[in-house]
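Heads up, the chain shows up twice below as structure tokens, two forms, tagged structure 1 and structure 2.
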Structure 1
Amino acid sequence: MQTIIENLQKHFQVVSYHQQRENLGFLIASKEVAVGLITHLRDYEGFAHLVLLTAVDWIEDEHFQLTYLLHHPEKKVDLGVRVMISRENPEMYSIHHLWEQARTYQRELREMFGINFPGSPDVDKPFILEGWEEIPPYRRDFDTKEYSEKTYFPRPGRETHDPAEYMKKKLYPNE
């Protein structure tokens, strides 16, 4: 893995590298170099397989983190490429031309996080949500509980108790 990274650093600016396990590492690349770097990993280093593409909402730091997890079938190692994109302008270059299945991931990210991948086929088509009108639900500022409370009605017969209130009623009702 180390030689791959050293090799990579000759061609691309890699911000940081972190070896999590013997067969798994993560690097951070800028939005501008990421697609080139991933292409290089696929075509010259043998990372033939895109395992997944996913995102994390670092709301406090005002960015989304994209993770492209790549697998090397011969060496049996995984490399994660992380890219930070601003929350304000959540847009990333598409990689559907590298892997066909990337378009599905990108559609999902578009729907769940509101991250756009211009040029990715069908990226604006609803993925699993139908008629969604709220902010994208995987964004951390989406209030899941509030949404579920207003959308799904409780079955009749439900009741709950506040522990402190209930203890007062049971243990010191007259105070």
Structure 2
Amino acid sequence: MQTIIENLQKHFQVVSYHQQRENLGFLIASKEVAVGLITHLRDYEGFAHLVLLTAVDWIEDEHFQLTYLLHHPEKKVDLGVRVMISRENPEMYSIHHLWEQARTYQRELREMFGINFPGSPDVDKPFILEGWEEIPPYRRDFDTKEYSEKTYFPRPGRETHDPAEYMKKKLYPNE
């Protein structure tokens, strides 16, 4: 994996690299170089498969982290390319032209996090949440409890628990 990273650093600015285990590493690249770097990994380094594209909401730092996990079938290694994008303007360049399945991941991230991928086919069509009017539900500022209280009526005989308070009582019953 180290040779691949050294080759990448000749062509792209890699912010950092972390080897998690022998066959898995993660690098951080800027939004501006990410698509070129991912294209290079596919076309010149043998990472033929996009395993997944996912996001993490780092609300405290005011950004989303996108992770493109790529697989090299011959070397049997995976490389995650992490890209930080602003929560204020959550937009990233599309990679649907590299792998067909990227459009599905991008569509899901659009709906669940509100991250836009301009030019990605069908990115604005509902994925799972038809008629959703709230903020995207995977954002950490989405209040799941409030949403469920206003959306679902209370049923007789059923107790409801605030998950945080319920776990405190379960874990520390004498406090």
Partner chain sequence: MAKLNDILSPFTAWKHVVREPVTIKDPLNREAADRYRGFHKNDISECIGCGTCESICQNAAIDLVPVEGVDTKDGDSGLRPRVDYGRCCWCGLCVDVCTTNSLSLSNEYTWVDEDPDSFRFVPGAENKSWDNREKGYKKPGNGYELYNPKREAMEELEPEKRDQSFIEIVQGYSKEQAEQEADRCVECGICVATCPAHMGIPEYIKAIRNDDLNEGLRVLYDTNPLPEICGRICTHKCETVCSVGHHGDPLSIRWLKRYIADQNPAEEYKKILNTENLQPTGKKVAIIGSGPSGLSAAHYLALMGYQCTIYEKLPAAGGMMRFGIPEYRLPYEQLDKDINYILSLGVEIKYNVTIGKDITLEELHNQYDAVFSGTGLHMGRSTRVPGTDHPKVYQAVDLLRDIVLGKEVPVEENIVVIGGGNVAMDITRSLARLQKQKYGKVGVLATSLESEDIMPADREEVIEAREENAVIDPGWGPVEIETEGDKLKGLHVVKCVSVFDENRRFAPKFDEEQKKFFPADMVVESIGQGMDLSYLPEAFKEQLDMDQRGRILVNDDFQTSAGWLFAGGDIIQGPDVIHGIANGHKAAMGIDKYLSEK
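Just so we're clear, the structure is a prediction, and the values are computed from it rather than from any experiment. Each form is matched to the other, and the largest set of C-alpha atoms that superpose within 1.5 Å is called the rigid core. Residue numbering: structure 1 sequence, from 1.
Legend: structure 2 corresponds to the form predicted on its own, while structure 1 does not.
In this overlay on the rigid core, His161 has a C-alpha that sits 2 Å or more away from its partner position between the two structures.
Here Lys170 exhibits a Cα shift of 17.8 Å between the two structures, evaluated on the superposed rigid core.
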